[in-house]
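This text opens with one protein chain seen in two forms, each one given by itself as structure tokens under the names structure 1 and structure 2.
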Structure 1
Amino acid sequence: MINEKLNQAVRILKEKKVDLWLNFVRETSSSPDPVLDLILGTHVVWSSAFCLTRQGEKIALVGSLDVQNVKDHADYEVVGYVDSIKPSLLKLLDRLNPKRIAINYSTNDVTADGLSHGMYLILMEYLKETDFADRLESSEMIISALRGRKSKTEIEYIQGAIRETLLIFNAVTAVVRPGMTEFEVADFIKNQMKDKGLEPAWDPDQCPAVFTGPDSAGAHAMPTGRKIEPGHIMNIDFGVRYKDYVSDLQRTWYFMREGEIAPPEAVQRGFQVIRDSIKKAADCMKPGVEGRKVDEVARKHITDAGYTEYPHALGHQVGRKAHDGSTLLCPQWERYGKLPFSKVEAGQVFTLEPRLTVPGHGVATIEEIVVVNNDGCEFLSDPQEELYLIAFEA
């Protein structure tokens, strides 16, 4: 996986016309740079520079004690030092003479901001008598592309996480009954995870999140002692970690009342509006479209049907984390800054998660996961086409 991402990074450098990408780090077990998960896969102790060039060179300058470990983990030409990294770093810069040098800091994106200020000052001290200090820029656009455009292996891992999550949703459908509390449903899911040796995709207090009925909490809350009653819509927001990649999915259940043989018209319609808004949004997903355009398609479908719009983005990227950063499918609201205008790219993996309220019953919401390809997108999750119906029990 690391070597796939290293080769991809070189292609991104060519595309962005950056000559050298320099990641400067030290003692990464206590001061981790999040990008090292993508381009190294282990830790280093002494000050180290992981350097990729537009020409495809991959060079790691590391302390002598770290040499073997780095060689064992990633496909770098590894140069060890004993006293100081400065001579080998200056020698490398002199040889490459890069015009544009991207370094690992960012004001916008925490996942691209692994350079500490102390390390920045050390780098400036090293470069003070060279021309290179004036050629530095943030590598956030490189990291955004590298993190966003998933490799084949990364997509396989995300698919693994999706598969495990959907199996657990199926198990929930088999056991959930009116009278159970949100806590009890969450505990059932936690036990399933435990049996399968799976970790939750985010904060275990809210993963799974379980919401039942018309009075349930909003999104991002902990399960409560609230009981499932006939006539409730229940939804669950849940994902698992699989080989360090995660899923993030939502499904909706309806609990039949005594004598019902189908959900009420209002519940059925709410569910279908959500389902169809996701299909429409997916239909317009393709490389080059702005995130806000995709959001608008789903949002308009829902408001046109007479419902209140959802108070959040339509979807976010998924990867090593449930919120994997960068391009977002969000409306043009002030709090989202420039993100609504960022463009969808092939290889990005997004959630699609609109919601609406069915008065008196609860919240209808589905969260699917799609991967963008060259001329559209495809679903990685088997989409929920119908409400999961649970029979009445007194």
Structure 2
Amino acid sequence: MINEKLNQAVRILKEKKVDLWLNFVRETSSSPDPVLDLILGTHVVWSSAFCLTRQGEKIALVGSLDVQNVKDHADYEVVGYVDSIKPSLLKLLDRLNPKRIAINYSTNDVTADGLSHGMYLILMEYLKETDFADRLESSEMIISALRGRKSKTEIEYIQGAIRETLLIFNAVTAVVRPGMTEFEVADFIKNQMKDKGLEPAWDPDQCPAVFTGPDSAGAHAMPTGRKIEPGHIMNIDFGVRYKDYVSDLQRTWYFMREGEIAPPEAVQRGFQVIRDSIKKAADCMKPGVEGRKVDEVARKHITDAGYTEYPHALGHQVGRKAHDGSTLLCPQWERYGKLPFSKVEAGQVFTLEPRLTVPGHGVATIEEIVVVNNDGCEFLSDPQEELYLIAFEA
């Protein structure tokens, strides 16, 4: 997978007309650059430079003790040093004489902002008597494309994570009952993961996140001792890691009250509005569409139905991490910077996750995962079409 992404990176450099992509790092187990998961797959200790050119050269300048480890993990021409990386780096730059040099900083994309300030200062000190310091630019567009454009193998791994997640959701439906606490539901899911040899897709304190009823803690909170009661909506935000790729899905259950043969109209309507907003957003997703336009479709459908707009983006990319890549399906809010204007590309994998509150019952939300193709998008997850109903038991 690493070599597959390295070759893809070279193609992206040619496309963007960038001569050299310079990844400058050190002690990566303590201060990792997010992109190393894609182009290296291991850690280094000493100052290192992983250099890719649009001519196809892949050169790693690393400390002598890191040489064999790098050779074992990725297809680089590895050059070791003992005293200082500076002579090797300047020699390489003189030989390549790149006009455009991309380094890992970004004000928009956290996954493209891996160059620490200290390493930047060291790099500038190395380059101060050369012309190369004036040729530096952000690698954001390179990393965005590399992380976003999923290969066939990457999509297969994401599908594997989705499949395992949906099987666990099915297991939840078979056992969950009123009287159980959010903690107990989460523990059941964690035991399912343990039995299957799976890991959570993000922080295990919040994966799974379980919310029941009208007074739940809200998104990105830990499960609590709150008990499920008849009349509650319960939703779960959960994903697993499968072959180093993850899922991120949400599903919604309703617990029937005594005498109910169907959910209350308010609960059913809220769920349907969410379900339909996802379908409408998916229908407008295709390469070249700005992320804000996709968000706008779902957001408008929900507010036109009389609900308050959701306080977050409609969706994010998924890959090696649950939040993976810079293109975002989000509104034009200051906190998102330039991301609302980023454009959807073929090969990107996104969540679609609007939500709304049903007063007196809880939060209705669904989170699906789609992949963008040349003509539109297709669902990688089996969409939740109906509420999961749990019958009343006396």
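Just so we're on the same page, rigid core means the largest C-alpha set that superposes within 1.5 Å between forms. Along the sequence of structure 1, residues get numbers from 1 upward. What you see is a predicted model; the values in this text were computed from it and never measured.
Structure 1 or 2, which would you say is the form predicted alone? Structure 2 is the one predicted alone.
Since part of the chain moves as a rigid unit against the rest between structures 1 and 2, which of Arg147, Val185, Ile85, Phe50 is at the hinge? Where the C-alphas swap which rigid part they fit better, we find Arg147.
Once the larger parts are superposed on C-alpha atoms, what angle in degrees does the smaller rigid part turn through between structures 1 and 2? Rigid-part rotation, C-alpha based: 14 degrees.
Core-aligned Cα shift of Asp37 between structures 1 and 2, given in Å: Taking the core as reference, the C-alpha of Asp37 is shifted 2.5 Å.
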